[in-house]
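Consider the single chain below, provided in structure tokens and representing the form predicted alone.
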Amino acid sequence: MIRFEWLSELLARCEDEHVLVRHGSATQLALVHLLDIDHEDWGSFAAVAHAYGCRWSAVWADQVDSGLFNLNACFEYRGDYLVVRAGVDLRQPVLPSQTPWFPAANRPERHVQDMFGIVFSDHPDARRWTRHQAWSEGHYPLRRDFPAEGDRGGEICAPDADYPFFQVQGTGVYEIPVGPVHAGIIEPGHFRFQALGETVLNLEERLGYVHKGIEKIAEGRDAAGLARLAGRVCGDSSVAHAWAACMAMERAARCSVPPRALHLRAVLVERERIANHLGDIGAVCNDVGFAFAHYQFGRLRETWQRVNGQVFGHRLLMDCVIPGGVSRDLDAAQLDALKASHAELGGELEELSPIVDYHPSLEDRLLGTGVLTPETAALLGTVGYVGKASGRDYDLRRDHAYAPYHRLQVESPVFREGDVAARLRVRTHEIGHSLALIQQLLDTLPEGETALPWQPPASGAEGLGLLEGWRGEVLCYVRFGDAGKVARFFPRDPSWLIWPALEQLIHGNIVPDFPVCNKSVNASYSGHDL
């Protein structure tokens, strides 16, 4: 049950602060409230939302015609969501920033500025974020008149060598550049350290080196094509992003998904959660030299994903979620195979989890390492296992319950230590909780259809998808244009709200502990690099 009592109180606060709210234009966007405000009050509204205790979630722009942008920001308060919208004239695309009130808005606002040319007049950081050297000055890739193939005519992009990183001065301070090309198969990302001896004084990230053009190439796709594209925003979160995109499209089209399909979607996303947590537990242990756990949890993840491939047709569960339902059903033999794999994993974890939780050599490296305090986590609006390890007790499956979770008992672990050990414990606990959820889902799997025929919505229809992926809150906005084609697609991976935490929790740690701190956060390069 979504509660909107807080919204009327917030509106009253807005009036007190002279924020001009057009009450008559407020409409309901699925289970999320949509509110129009004047663009001059963009920053003032953030001040009111901050005073009220809202969490900032996302910002995105949408060019609705040749001379007008809609700028949208999403706020969360105790499980309720509010999308605030302001119209911005293309001839003077300037408005206040929300970053002074919500640090999480820093990089997303810079992304909007780089991609659309919308200027945030009092933004505390004027450096480019997404542009790098790929586009000419004055050219904005997400505007309507910019071609998807770019404007460089096949010319090789110059290296981004002059980004003005923050500098720490002082006797004995030195700098360590790491990346963007790494020794493993991970995607590109640059880390710039300033250190004194072995102690890290400052870390700054530079991301977005690939820029896949996801938002641009989504334009003009049909619903099925968008679902396939969404599943490739971030390969380890294929189900979460595809479900969020389908949820947004289904809300825009007022499409009711069959109960059996919703149960299967939940099974898929919980299997995705378990697979990634297994991999992360092993990788964290490997970064401190505990090879036994790395081998064991890697083996469990591989076995788990092989079952994915056998039952659902893809190890990473791609293209299983489609508009209106799911692409695959389960027969009796497949149900038995899933239940057997759950029982097998549960039995293995009964033996392995105590080793990981209480092994002295692990405790020596993980306890007290990479501490993100609850206060800093709250300031940054951190989500998912990183937030839960630092006292952020929020899980959309429980607090913004969507079908079928609204009928399930969802447990969500939370700790306050905020160190690497706590982030590891969240993962181990979530695996157990997900196994219990999957058992509930399979035991109560409804009969019936697994998908309904897709009916394209009218031009202008829009929807917002929100769900709990394995990294945390996944958000997706979709607006349709003519003939049922997508006019705007914006996926926000939880990594946008997790990467800034890494820069804070590394302070005061030694340089050799960076790998394990980074792996304990494990934000996605690809999910950030749209």
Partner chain sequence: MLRILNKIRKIGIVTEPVAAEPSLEALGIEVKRRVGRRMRGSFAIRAVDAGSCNGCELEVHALNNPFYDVERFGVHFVASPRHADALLVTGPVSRHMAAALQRTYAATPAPKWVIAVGDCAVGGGEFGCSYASLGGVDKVVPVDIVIPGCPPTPTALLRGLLELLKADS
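In this text the structure is predicted, and so the values were computed from the model without any measurement. Numbering follows the first chain given and starts at 1.
Keep in mind that the form predicted together with its partner chain is missing from the display, and what follows is about it.
In the predicted complex, at least one heavy atom of W135 sits within 4.5 Å of a heavy atom of its partner chain. Contact between C234 and its partner chain in the predicted complex is found at the 4.5 Å heavy atom cutoff. Within this chain, A340 is remote from the site of its partner chain in the predicted complex, having no heavy atom within 4.5 Å. Looking at Y405, you'd find every heavy atom of it more than 4.5 angstroms from its partner chain in the predicted complex. Of the stretches 246-254, 204-212, 394-402, 430-438, only 204-212 has residues with a heavy atom within 4.5 Å of its partner chain in the predicted complex.
Checking G170, P164, P159, P124 for any heavy atom within 4.5 Å of its partner chain in the predicted complex turns up a single hit: P159. With the partner omitted from this view, the residue of L335, I355, V178, V414 that lies near its partner chain in the predicted complex is I355 [heavy atom within 4.5 Å]. Counting a residue when any of its non-hydrogen atoms is within 4.5 Å of its partner chain in the predicted complex, the hits in 276-306 run F290, F292, Y295, Q296, G298, R299, R301, E302, T303, Q305, R306.
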